[in-house]
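The chain that follows stands alone, in the form predicted alone, written as structure tokens.
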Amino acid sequence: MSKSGIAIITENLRSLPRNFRDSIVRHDRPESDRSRSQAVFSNLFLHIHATRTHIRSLRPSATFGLGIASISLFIILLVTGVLLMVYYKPSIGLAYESMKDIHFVVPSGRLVRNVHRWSAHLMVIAVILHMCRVFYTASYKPPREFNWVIGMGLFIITLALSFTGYLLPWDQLAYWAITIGANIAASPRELTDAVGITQSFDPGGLSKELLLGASEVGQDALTRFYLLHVMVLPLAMGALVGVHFWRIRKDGGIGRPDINQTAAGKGVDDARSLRNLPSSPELSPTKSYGLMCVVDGKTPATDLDPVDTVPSWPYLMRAEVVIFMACVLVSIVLGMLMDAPLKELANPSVPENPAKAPWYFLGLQEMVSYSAFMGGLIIPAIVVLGLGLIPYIDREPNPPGVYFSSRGGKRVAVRSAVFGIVAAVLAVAVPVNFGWLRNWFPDISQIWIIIFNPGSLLTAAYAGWSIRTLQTTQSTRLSAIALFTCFVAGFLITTYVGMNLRGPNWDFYWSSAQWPTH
């Protein structure tokens, strides 16, 4: 006897949870390497990974988890940012009060804001360290050149996200920090004023107005920064992150030294024992092609011996979850221990003294104090362009994944760090103790100060050191290490000086206790 319609519907309702689950998950419970690989391959979110991961890529020293930490902090920022958007009002008359409400009235609002603030700082640090790790392990080598350029774009967007979020509290700290940024945007006027063409050609005024939407920091700037911070830049970040992960997979995974070099002279089982990972009876050590083996040619991934790989699920994903949880823990702990700063309501008639940019721009502010045009625009443009061209200038066949590429690379890095620190200290100490061109020659043209200032001379010194390294070693890789290390050292020194040794009127003090009192 056939079932009635009611009985059929009842049975279907009983099996609804199982059928709904089966409609989402297109694979059985992963209990073998094959089923784990199928789970990754058939899942939209897991598909950014290859189905298998090389053993060497799982070692902590291979990446220190900096890339995953960066994206984890971005996710934390997205979640906390959405929560803050519920209560924040992007109006110069209401923004500050809404920040106070979030901090003192909204349940857990103080913690959410603190976590958002410190996660932003941690993300900037993680992205910088990640870029250093990729560079020093030569992970920009072919076929990864373009992904290095994508990474540079992500670095710039990270800084832009932090910078645009800086204005939103609309307090004194935010207002005058953005004012510094707006003056840097207007710095081409320094050159056009010097040659007397500002009245007819004013690119500085145009760039400042594009940034602020007006000639000064006000409602237009707040609206523009809010839109960039919550919509435009996050979407751009998400798009580039997707391309970045896709290229990592298509370019053969994370840069790493060959496991056979590490286990030189050892068998496959000994190589696998480097991670104490189980062997896979489903894999044949002679098979190194994929499902698309019917086509000619090969990709970087098909050169891998399957015995040197493990399923991404659970080995890689377990590590990613641990890193994500660690980022959440650190952000929450920092949020509980330290409040995000909130000064007085922004007052355009009472300048903040010292008015300082965000910490990651203090190195620029140090150079801007001598020439806004050179230190704020030209030198950063040279640095970004130089970093982007590194993979296309350094074409030596160094193996990716090896830190500093050789012992010679380590020696060059150490010597370059010493040179970079000494040169940066001199670039600060000489003007502080003896003044600069304007002090020596009061009537000197501004053109000479634009060309010859501590920032431009420091950049020239670093370039000269790199060229010297190239001439002595005949190696573009070692020359690149020398230049990159110099700029890292210079960034650290000038950032420290800006954070701790610059006081009111940007004067030099060994301690804030020496600041003048009013």
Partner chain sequence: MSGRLDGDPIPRRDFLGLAGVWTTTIALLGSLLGMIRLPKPSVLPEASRRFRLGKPEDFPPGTSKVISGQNVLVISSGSGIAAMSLVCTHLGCIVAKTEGGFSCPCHGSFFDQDGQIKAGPAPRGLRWLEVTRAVDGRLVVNAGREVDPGTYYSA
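From a predicted model like this one, the values you see are computed outputs, not experimental measurements. Residue numbers count along the first chain shown, from 1.
This next part talks about the form predicted in complex with the partner chain, which is not shown.
Novice: When you measure heavy atoms, are 142, 155 and 391 every one within 4.5 angstroms of the partner chain in the model of the complex?
Specialist: Heavy-atom distance to the partner chain in the model of the complex: none of the three under 4.5 Å.
Novice: So if I measure heavy atom distances to the partner chain in the model of the complex, which of the stretches 116 to 124, 179 to 187, 143 to 151, 411 to 419 falls within 4.5 Å?
Specialist: Selected range: 179 to 187.
Novice: Please check if residue 108 has a heavy atom lying within 4.5 Å of any heavy atom of the partner chain in the model of the complex.
Specialist: It does not: once the partner chain is placed as it appears in the model of the complex, residue 108 has no heavy atom within 4.5 Å of it.
Novice: Verify the contact flag for residue 505: yes if a non-hydrogen atom of it lies within 4.5 Å of a non-hydrogen atom of the partner chain in the model of the complex, no if not.
Specialist: The answer is yes: residue 505 has a heavy atom within 4.5 Å of the partner chain.
Novice: Is there any non-hydrogen atom of residue 209 lying within 4.5 Å of the partner chain in the model of the complex?
Specialist: Result yes; residue 209 sits at the interface with the partner chain in the model of the complex.
Novice: Quick one: is residue 216 in contact with the partner chain in the model of the complex, heavy atoms, 4.5 Å cut-off?
Specialist: Yes.
Novice: Among the candidate residues 89, 250, 224, 103, which is the single one with a non-hydrogen atom no more than 4.5 Å from the partner chain in the model of the complex?
Specialist: Checking each option against the partner chain in the model of the complex, the one that comes within 4.5 Å is 224.
Novice: Of the residues 402, 317, 236, 355, which one places a heavy atom within 4.5 Å of the partner chain in the model of the complex?
Specialist: When the partner chain is considered in the model of the complex, the option within 4.5 Å is 355.
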